[in-house]
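Just the one chain here, laid out as C-alpha cells, in the form predicted alone.
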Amino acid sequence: MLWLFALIAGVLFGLYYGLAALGLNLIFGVMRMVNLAHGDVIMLGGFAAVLLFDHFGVNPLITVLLVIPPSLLVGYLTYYLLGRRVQRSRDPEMMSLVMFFGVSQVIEAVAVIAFGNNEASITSAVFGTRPFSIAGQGVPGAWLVSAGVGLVALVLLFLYLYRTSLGRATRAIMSSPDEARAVGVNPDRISALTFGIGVGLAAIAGILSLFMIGGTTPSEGVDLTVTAFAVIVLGGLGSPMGTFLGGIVFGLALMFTQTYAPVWSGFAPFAILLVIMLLRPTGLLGRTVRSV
C-alpha cells in the first residue's frame, strides 16, 4: 500500500521539517528578525556530527546533547553583537535580511575552506540496519529517531513557553512587546536566550539532516532556509507550535508527490503553500497563537 507508506513517511519527515524550522520561527516571533543564516547553522550542525563521529566515534544522539551548550552560547553572543543593533533599527525585518544574508555568505565561505565542497554523511546503520514495522510498513530506524527528537523538542519547548517564568515572558514579548516591557520584562535577556535556543534547535536539526536528506554540504544552507521559511509560513509566522503542523503538511505533500508523481515533488509543497496563503494569509495556526 503505497499511500500508507507515503502517509507514515510524510508524518515522520514532517516532524523533522518542523524541527528544522522551529528555531527560525521562534526568533521571528520574539524579535521580528529574519535569520537568513538559519540553514547555514543547520549545515554546521551536520558537519559537527560528522567530525565527532569520524574522529571520536561519537553517536549522533550524543552529539545532539553536546551541541546544545555551545549553540546556546553562540546564539547568546550573536544577539548581543548583531541582533540587538538590528532589533533597535527602524526596520528590524529588512535590516535582519541584509545582516544575516551577509552572515550566511561568510559561514558558507568558511565552511568551504574548512570542509571542502564534497558531501559529508554518516551511515544510517548507526541506528540499526533492520527497518521498523509501522502498520505493516517498513520504516528506517533513522527516520523514527529523527521524528522522535522532533517530538521531544516540541514538548520541551511547550513546557518552556507555558510552564516557566522565562517562557511566559517570551510569550508576552511575542504577543505585545510594549506591554511586556511595561510589566518589567527585560527584552534583551529574553531575546538573547531565544536566539540561543533558536541556534541550538537548528544545530540539532542539522545532525538529523544527515539521515533525513542524506548528508550535508557547505552550499545547502540556502535551500534549507527556503524550506524552513515555507514550513513556518504554512504554520503561521511567529507561531512555534504551528511550525510542526506546517512541517507535517509540507512532509505529506513531499512524500505523496514523490510516491505518485516524482517529477512534481519539488513543486507540490510550495504550490500547497501558495494555496494556503490565499485562503488563510496568517498560516494554519498564526492567529490562534499570536492572540495568546
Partner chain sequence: MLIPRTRTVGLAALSALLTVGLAACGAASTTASSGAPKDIVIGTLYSGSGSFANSSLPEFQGLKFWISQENAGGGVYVKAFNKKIPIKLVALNDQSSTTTATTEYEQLVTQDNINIFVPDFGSVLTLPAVTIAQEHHMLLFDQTATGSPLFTPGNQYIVLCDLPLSAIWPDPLAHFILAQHISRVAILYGANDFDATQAATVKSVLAQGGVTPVYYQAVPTATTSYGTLLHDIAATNPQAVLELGYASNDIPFLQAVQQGGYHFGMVATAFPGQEFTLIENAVGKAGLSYTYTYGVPPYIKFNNVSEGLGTNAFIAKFGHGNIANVSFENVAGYNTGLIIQAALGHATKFTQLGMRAALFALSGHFTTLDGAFKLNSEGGQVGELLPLAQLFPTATGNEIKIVYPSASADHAPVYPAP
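Residue numbers count along the first chain shown, from 1. Note that this is a predicted model, so its numbers are computed, not measured.
Just so you know, the form predicted together with the partner chain exists too; it's not on screen, but the next bit is about it.
When you look in the predicted bound form, the only residue of I134, V152, L73, V222 with a non-hydrogen atom within 4.5 Å of the partner chain is V222. Among residues of the shown chain, L77 is not one whose heavy atoms approach the partner chain to within 4.5 Å in the predicted bound form.
The partner chain in the predicted bound form is not approached by N59, whose heavy atoms all lie more than 4.5 angstroms from it. Although the partner is absent here, P262 is a contact residue: one of its heavy atoms lies within 4.5 angstroms of the partner chain in the predicted bound form. Contact check for T217: a non-hydrogen atom falls within 4.5 Å of the partner chain in the predicted bound form. Contact annotation: the partner chain lies within 4.5 Å of heavy atoms from the stretch 222-230 in the predicted bound form, the single such stretch among 242-250, 41-49, 222-230, 59-67. Along 244-259, a non-hydrogen atom within 4.5 Å of the partner chain in the predicted bound form is carried by L254, M255, Q258, T259, in order along the sequence.
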